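The form predicted alone is given below as one chain in structure tokens.
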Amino acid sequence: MFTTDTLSGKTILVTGGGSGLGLSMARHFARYGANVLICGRTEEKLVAATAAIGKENPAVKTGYYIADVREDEEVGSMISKIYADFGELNGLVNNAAGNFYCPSEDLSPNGFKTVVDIVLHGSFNCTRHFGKKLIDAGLPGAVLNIVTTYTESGSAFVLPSACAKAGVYAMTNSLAFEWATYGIRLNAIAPGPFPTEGAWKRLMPNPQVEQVYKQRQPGGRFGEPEELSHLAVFMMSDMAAYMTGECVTLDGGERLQGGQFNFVAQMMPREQLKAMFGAMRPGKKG
């Protein structure tokens, strides 16, 4: 589906691009022809990630910027420096995030604020500065926000993340309509479980919990970073030029577990289920 020039001529910034899904997306953007920039707070991680992207894709330009997306002035300075260094910026992926388990009655104001600042305020800060540059220059562009499958349903024990991601989802839809007149597209991906070293350590305390979680997945597995990255490449490319205001869920069907009788699928192996269903048919004798 993709070629080495699918994203040719584009320069894309990935926040939180030094590791995990952010780095995977950055690598794929570069693989398909985009100049790729990443930002974060830890220089050592950014240096290593940028070197890896550049080594894999020597034909494209790469770079990193140290910035805390929670700080509006830092973001503004970063965007201005990107324009000074690269001349343009065509795409933004708001991937930087934070999350942790906590019973909501024990949640501290600072714990809530920290996650909301990174996820919601950080996404707003980056989107505002990027969008303003595009609008002032009269140029089109694309923003891709990484949200979550519990954006609309909410989820126990991750209240700050649920609130923040819901805000990012609302921002995606609001600006998709408002900025369409400028040729600026905003879309989102809502990933299900994709194991990454950073997030997984905070959300999967031990192998037993991870195994139980995997068994609950309809397909019996977690997502692979490449699967999300391929979707991101498409959504940032000109192949998706008419797509805006969309949120694509990529979770292997996990969100569908709320169906009334879906629990039956996890009661026993499939062949036993089929035998049980056969015995329950009208006219069958036990």
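Position 1 is the first residue in the sequence shown; the rest follow in order. The model shown is predicted, which means the values in this text are computed figures rather than measured ones.
Just so it is clear, the following notes concern the form predicted in complex with hexanoyl-coenzyme A (HXC), a form of the same protein that is not shown.
Exactly one listed residue, out of Ile184, Met171, Ala199, Ala190, brings a non-hydrogen atom to within 4.5 Å of hexanoyl-coenzyme A (HXC) in the predicted complex: Ala199. Proximity to hexanoyl-coenzyme A (HXC) in the predicted complex, taken as a non-hydrogen atom within 4.5 angstroms, holds for one residue of Asn206, Asn110, Ser153, Gln215, which is Asn110.
Contact annotation: Asn99 falls within 4.5 Å of hexanoyl-coenzyme A (HXC) in the predicted complex, judged by heavy atom distances. Heavy atoms of Arg41 reach within 4.5 Å of hexanoyl-coenzyme A (HXC) in the predicted complex, making it an interface residue. Using a 4.5 Å cutoff between non-hydrogen atoms, Ile118 counts as a contact of hexanoyl-coenzyme A (HXC) in the predicted complex. Shown alone here, Arg70 lies within 4.5 Å of hexanoyl-coenzyme A (HXC) in the predicted complex, counting heavy atoms only.
Residues with any non-hydrogen atom within 4.5 angstroms of hexanoyl-coenzyme A (HXC) in the predicted complex fall in just one of 102-110, 173-181, 79-87, 133-141: 102-110. Interface residues of 52-66, taken as those with a heavy atom within 4.5 Å of hexanoyl-coenzyme A (HXC) in the predicted complex (partner not displayed), are absent.
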